[in-house]
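Read the single chain below, which is given as C-alpha cells and is the form predicted on its own.
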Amino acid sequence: GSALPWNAGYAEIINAEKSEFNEDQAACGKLCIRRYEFGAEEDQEWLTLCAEEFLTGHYWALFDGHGGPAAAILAANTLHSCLRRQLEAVVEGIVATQPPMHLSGHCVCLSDPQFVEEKGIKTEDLVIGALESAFQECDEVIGRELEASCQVGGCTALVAVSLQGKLYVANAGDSRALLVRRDEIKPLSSEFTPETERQRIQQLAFVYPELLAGEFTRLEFPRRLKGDDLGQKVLFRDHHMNGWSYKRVEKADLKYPLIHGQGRQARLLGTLAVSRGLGDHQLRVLDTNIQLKPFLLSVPQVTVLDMDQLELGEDDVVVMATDGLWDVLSNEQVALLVRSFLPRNRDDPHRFSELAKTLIRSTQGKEDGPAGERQVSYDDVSVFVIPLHSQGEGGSGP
C-alpha cells in the first residue's frame, strides 16, 4: 500500500482472543478542507462550497473498542468526515490572523476585534472547537447506527491532527500520545478513567441521584464495606473532596460503590474501565435498567503542540498507542526504546514502522527491551509512530 502520512509507522497485534475481530481500530490520511463562500442577499446569506482545496492537514486516529468492535469500526470510518465538516464550517476563521467576530466579515461593532482579543480567542481555539464538535457528532452517529443495526458497544478515541504547523491531540479514553525527543519526554494526553474523573462522576450522582436507582452509593471508601462496619467511623470521600474524612457507616453505605477497584481494576458502576469515549448508548449495568451513558463524556481533552516553535530533530516522534502498550511499558521505557532504535536505523526508509513493531514486541515479552520484570499485555495493542521532522514531506496516504 501507499505510505502513511509523514511516512508514519503503524503496527498492531490482536491478543487474548477476546473477540473474533480486532477491537482496536486505526485510521489515518489527508484532511482536505474546502472553503465556503459567502454571498449576501438582502435578507439572507447563502453558502457555496468551492471545489478546490483551501487548507490541508493530516490525521491519525486510534479507537479501542469494548463490547465488540462495532463502535470502533464506525468511529474509524466516520470521525474524519465529521472533523472535515466541522473544520470547513469555520475555515475562514482558522486562516485569519485573529478569528473574526462575524464569519462573513460583516461588521456590527467597530470594537469587535478588541472584544475577541480580550477573550483571548486564537485561531487554534477554532480547531479545538471543531475537534470537540466532531467527537460529539460522531458519538451521535454511532448511537443511531448501532441502534438501527441492533448492535452494542463503545470505544475510546485518540486523534492527532496536523494543521498549519501545529499538532492537535484529542483524547477521550485511556489511550495515550507521547512526544519523544532527544532530551524531552512529554505526554500529549491524559487518561480518563473512573478514578481520574471520580469527582465529576460523583458530582453527577449527587445532582441526579435517580441515575443510581437506589442500587449504588456515590461515596468512595478505601474498600467495599461489610455488615460488620455498620456503626463504625470509616474513611470516605464525596464529590466535593480531594482529601478524606470519616463518617459513621449507615445501611445505605453498604451498597455497591459507584466507582470500585484500584488502578486498572477500577470500574464505573461495576461495568466500565473508561469514563470517556464514543458509543455505549445501550450499555446497562448487568441485570438492571441502570444506564452508563449519562456518566460518560464523548468530549475530548485537546492538547496543542506548536511544531513551528520546536527545533525538531530527525528522531523526534509522537508515539500514539492504545492502553495495551501503556499497561506494560512506562513513558520512560517507551522513550528508551525510541532513542536506542531510531539513531541506529537512520538509513532504513521503513524505520518508523519497524519501531512500531519493536514497541509491540516489547509488550509480548519477546524483545530485548528495558531491564526488569517483563510484563506481558493480553490486550489488543495498536501503535502509530509519527515522525515530526519532515512535517508532511512523506507520503500522504489514502
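What you see is a predicted model; the values in this text were computed from it and never measured. Throughout, we count residues from 1 along the sequence that is shown.
Not pictured, yet referred to below: the form predicted together with a further copy of the same chain.
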State yes only if every one of F54, A213 and A273 has a non-hydrogen atom within 4.5 Å of a further copy of the same chain in the predicted bound form; otherwise state no.
-> no
Of 281-289, 149-157, 178-186, 123-131, the segment with heavy atoms within 4.5 Å of a further copy of the same chain in the predicted bound form is residues 123-131
Any of the heavy atoms of G165 lying within 4.5 Å of a further copy of the same chain in the predicted bound form?
-> no
P194 within 4.5 Å of a further copy of the same chain in the predicted bound form, heavy atoms = no
With the partner left out of view, is G313 within 4.5 angstroms of a further copy of the same chain in the predicted bound form by any non-hydrogen atom?
-> no
Give a yes/no on whether K119 approaches a further copy of the same chain to within 4.5 Å in the predicted bound form, heavy atoms considered.
-> yes
Partner-free chain; cross-checking a further copy of the same chain in the predicted bound form, the single residue of V304, L254, L103, V95 with a heavy atom within 4.5 Å is L103
Along 229-243, which positions have a non-hydrogen atom within 4.5 Å of a further copy of the same chain in the predicted bound form?
-> D229, Q232, K233, V234, L235, H240, M241, N242, G243
